[in-house]
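Encoded as C-alpha cells, the following chain is the form predicted alone, with no partner shown.
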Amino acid sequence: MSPLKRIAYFVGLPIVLIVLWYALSFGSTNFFVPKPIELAQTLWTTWIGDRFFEDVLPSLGRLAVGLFFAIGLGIVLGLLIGSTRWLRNLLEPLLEFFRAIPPPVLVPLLMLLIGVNDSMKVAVIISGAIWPVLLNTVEGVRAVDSVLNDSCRSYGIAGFARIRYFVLPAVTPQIMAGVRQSLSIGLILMVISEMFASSSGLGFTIVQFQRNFAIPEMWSGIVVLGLIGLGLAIIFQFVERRVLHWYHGLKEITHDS
C-alpha cells in the first residue's frame, strides 16, 4: 500500500466524522455537546500550558512505569510458568481467580496497603495490564511445536540458550498480542486510579471539570485520552513491525504463494 493511501485511510474516517459532527451541531444550543471549533479552541487553551506539565506528563509517567513492569513481569512469569508443567498445573486455578477480579475493585485495598501515592496508581495499572501478557505468554509456551522442542533436547540446547533462541521467537507473536491489549487496559486503569483520592492527573482533572460543569473542558480531556491511545497504537505498530519483521515476512510469503 502506498504512503498516500495509508494516510488517506488513517485520516479519512476522522475527517468524515468531524464534518458530520459539525453539520449536526450547527445552530445547536445544546450545552452538553460542544461544537468542533469550540472544542478545538478549548483543547488548546486548557491543555497547552501549565496543565500539560502538572497533569498530563505525570499521568504518562505513571502509565509508562506501570506498563513497563506489567509487560516485563508478564513475560518473565509467563515463560517460567509455561515452561514448567507442574508449576503451570499448580498455579492455573489461582491465576484464573485473580484474573477474574476487576482491577478497579482493588483500588480501595491498594490504598490501604500502599497508601495514596503514585505507587498505588502504578500498582493499579500493573494489577490489570499484566494479565493479557502473562496468559498469552503461558499459552504461547504451551503451544510450542513439540517436534522442534524435541530437536532442541537432542542437540543439547537447554537453559537460557533454549529460551533465547527457541522459545522467545516462537511465543513473540502471542506476547505482542497480549501487549496490544495491555496498552488499552493500562490507559483505562491510569484514569480510574486518578479518580480516587488524587489531586492531579488526567482522571482527576476530567472529574473536576465534570463536577464544575466545565463541559467543553471535560470533552477536551476525553479527546486528550483518545490522542494518547492513538499515540500508543502508533508506537506499538512501529515496534511490532520491527520485532516481528520475520513473522510478517513469512505471512506475506505464505499469502503470495
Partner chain sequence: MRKQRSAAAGPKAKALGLGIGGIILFFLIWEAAPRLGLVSDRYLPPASEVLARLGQYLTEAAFWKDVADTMTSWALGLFIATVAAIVVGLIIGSSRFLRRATHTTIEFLRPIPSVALIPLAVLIFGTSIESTLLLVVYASFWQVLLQLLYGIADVDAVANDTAKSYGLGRLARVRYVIWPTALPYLMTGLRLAAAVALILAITAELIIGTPGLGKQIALTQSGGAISSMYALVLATGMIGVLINLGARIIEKRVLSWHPSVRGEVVL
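Here the structure is a predicted model, which is why all the values come from computation and not from measurement. Residue numbers count along the first chain shown, from 1.
Here the subject shifts to the form predicted in complex with its partner chain, a form of this protein not shown in this document.
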Handout entry: in the predicted bound form, Asn117 touching its partner chain (heavy atom, 4.5 Å)
Key = no
Exercise for the section: Please check if Val179 has a heavy atom lying within 4.5 Å of any heavy atom of its partner chain in the predicted bound form. Expected result: no
Practice task
May I ask you to check whether Ser200 falls inside a 4.5 Å heavy atom distance of its partner chain in the predicted bound form?
Solution key: no
Exercise for the section: May I ask you to check whether Leu13 falls inside a 4.5 Å heavy atom distance of its partner chain in the predicted bound form? Expected result: yes
Exercise for the section: May I ask whether Leu43, Leu60 and Val239 each come within 4.5 Å of its partner chain in the predicted bound form, counting any non-hydrogen atom? Expected result: no
Problem - Partner-facing stretch of 51-59, 65-73, 35-43, 184-192, counted where any non-hydrogen atom is within 4.5 angstroms of its partner chain in the predicted bound form - result: 184-192
Practice task
Could you work out which of Pro108, Gly156, Pro169, Gly159 is the residue within 4.5 angstroms of its partner chain in the predicted bound form, going by heavy atoms?
Solution key: Pro108
Practice task
Sequence order please: the residues of 110-144 with a heavy atom within 4.5 Å of its partner chain in the predicted bound form.
Solution key: Met111, Leu112, Leu113
